[in-house]
Every structure is written in C-alpha cells, then in structure tokens.
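A single chain, nothing else alongside it, follows as structure tokens in the form predicted alone.
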Amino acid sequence: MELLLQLAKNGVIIGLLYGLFAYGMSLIIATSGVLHFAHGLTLAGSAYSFWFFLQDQDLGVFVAILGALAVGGLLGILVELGIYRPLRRIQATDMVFLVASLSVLTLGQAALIFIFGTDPKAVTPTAFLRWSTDVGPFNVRMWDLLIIGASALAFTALYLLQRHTSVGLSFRAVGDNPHRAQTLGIKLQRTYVWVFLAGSLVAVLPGMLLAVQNPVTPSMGFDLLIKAVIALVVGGIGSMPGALLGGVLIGVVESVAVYWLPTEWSEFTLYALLFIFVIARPQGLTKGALRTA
C-alpha cells in the first residue's frame, strides 16, 4: 500500500507538470483557435537556454531563469508574427495551421541538434536539489515542492491576469467571439501576440523544471507535447481548468499503472484512456472552448 501511495503522489506531481504545460497551450488554443503544436519547441528551447546559462556559462540560477523566460517568450511571439499571422491574413484553413505548427516543431528540433548536438545536456544537481524528506508514507523531494510552487504561481498569475487586467479580459473576449471583440475596440493582432507571450512563458516553467531533473534532449518538447494533447482531450480542448485536471489525471494513471503492469505498458494506459474519451466523451471532463482560427 505504501508503494501504491508513493506512486500516486509521484503521479500527481508529474501530472501537475503535464497540466502546467497543457495550461499554457490551452490558453493559446482558447484565444486564437490554433492547435499550437510548436509549443513543444518553446519548452525545449527554454530548457536548453536554462542549461546553457546555468551549466555551460555558469552565470547563476537567476540569470538562467531570466534567459529561459526571454527565449521562451520570444519563440512564442516569433511563431505568431512570422507564421500564424501571415496564414491568418490569407485565411488559411485549420489544416494549414496544423501542418505549419508541426513543421515549426520539427525544424526547431533540427535547429537544436545543429546548435547543441545530440548528446543529452544535464544540470549538475546541487545539495538544494537533492534534498528530500519522508512525510508519513511519502518521500517528498525538493523537485516535488518546486513543481507545486511553480504550478500554484502560474495558475494564480493567469487567473489574476484574466480576471483583473484589460489584457486578460481581451483574451476572454477574443476567445468567445473575435469579430464581436473587434467591434468593441479590441485589437485582435495585439491580443494574439499577448496570448502567445503569456502561454509561452507558462511553458518555460516545465522546461526549467525538467532541465534540473532530467537530461535535456531535442525531442523533449515533442515527448511532453503528446502528454499535453492527451491531457487536453481528457480535460476538454480549450478549457484551462480542464488542462490542469486532465494533466493530473493522466499523471496518476501513468504512474499507478506500473503497480499492476510492466513499466513499458504505462504509456499504453494513456492511449487507452485517450481512446475511451475520444469515443465516449469527446468534449472531455469539462466543456472545451475550441474554435477555428
């Protein structure tokens, strides 16, 4: 039973990481209607940036955090301005947006390989990161606390942004009805830039958290993107609370499955869960807010 409880705890922690990544992606989807698969490049690029400033250049953790945030935010804005805006201008179809997004992710992974090579990049663990303690049946690591803290910070900040700022209100207005929002004086193109910046900055957090725990690889963005897509389908595509709920659920399912099944079957359980939701409840646990671009 203690092992099962520990697996469940680990599932909640990794689920928060999935949910955090999916939350930023869901914000972009709900506002712009674009299935932003290039979000995976934002995560990988920010993870490499964090490793570069912290480990390779030894500039300290604060510079590494600021550098990763700057790179992640810039990647999101560049994809919006350089790819999606021209496609939106010519009224491209959803399929064209999807192919463009996947192309950016693939080309970005190739660029990371060209710049950093194929060897995994690891951050040397410090005593701070190695800290852990036992709390009842659970072993609590510093990494667990960092994920909980980052999730709470991101979710609170985005809630306040959307409820109490004009920028956040424009996200909701454009997501509900872009044409009506435009008649109310909201500038659509400016709102899209802001939402890609906000969503990309959220993706930086799991990128940095993964970098201090696991080796950084060019494919890490795509690997987490798969989990994020499953979380969005389970929680409800376009629903930001659903992204968090879906992330935690698939994290627990993936982790607890190894209690009964071989380790290599853990991902099978996720795809089985995805199949069940696609067939039985395609709207997800919460009602999504997806619209076309």
Partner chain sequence: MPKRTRRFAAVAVAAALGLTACGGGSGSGGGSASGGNDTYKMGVAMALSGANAALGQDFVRFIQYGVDDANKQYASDNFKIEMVSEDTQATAEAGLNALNKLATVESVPAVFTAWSAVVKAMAPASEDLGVALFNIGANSPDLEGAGANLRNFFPLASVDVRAVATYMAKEKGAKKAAIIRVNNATGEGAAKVYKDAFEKAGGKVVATETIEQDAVDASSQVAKVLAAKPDTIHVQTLLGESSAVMKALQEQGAKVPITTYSGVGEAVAVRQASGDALNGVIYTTLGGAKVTDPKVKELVARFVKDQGREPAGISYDVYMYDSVFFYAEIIKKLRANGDEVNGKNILKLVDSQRDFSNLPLEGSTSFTHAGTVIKDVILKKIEDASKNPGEDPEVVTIKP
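Because the structure is predicted, anything quoted here is derived from the model rather than measured. Residue numbers count along the first chain shown, from 1.
One more form of this protein should be noted, the form predicted in complex with its partner chain, which is absent from this view; the next part is about it.
With the partner removed from view, the residue among Leu245, Ile65, Val253, Leu35 that has a non-hydrogen atom within 4.5 Å of its partner chain in the predicted bound form turns out to be Leu35. Out of the listed residues Thr156, Gln91, Thr183, Thr118, Thr118 is the one that sits within 4.5 Å of its partner chain in the predicted bound form by at least one heavy atom. For the chain shown alone, Leu81 is not a contact residue for its partner chain in the predicted bound form, no non-hydrogen atom being within 4.5 angstroms. Gln213 belongs to the set of residues with a heavy atom inside 4.5 Å of its partner chain in the predicted bound form. Remark: Leu112 does not count among the residues lining its partner chain in the predicted bound form, judged by a heavy atom distance of 4.5 Å or less. When its partner chain is considered in the predicted bound form, Ala122 lines it closely, a heavy atom lying within 4.5 Å. Annotation for 123 to 151: interface residues with its partner chain in the predicted bound form are Val123, Thr124, Pro125, Arg130, Ser132, Asn139, Arg141, Trp143 [heavy atom within 4.5 Å].
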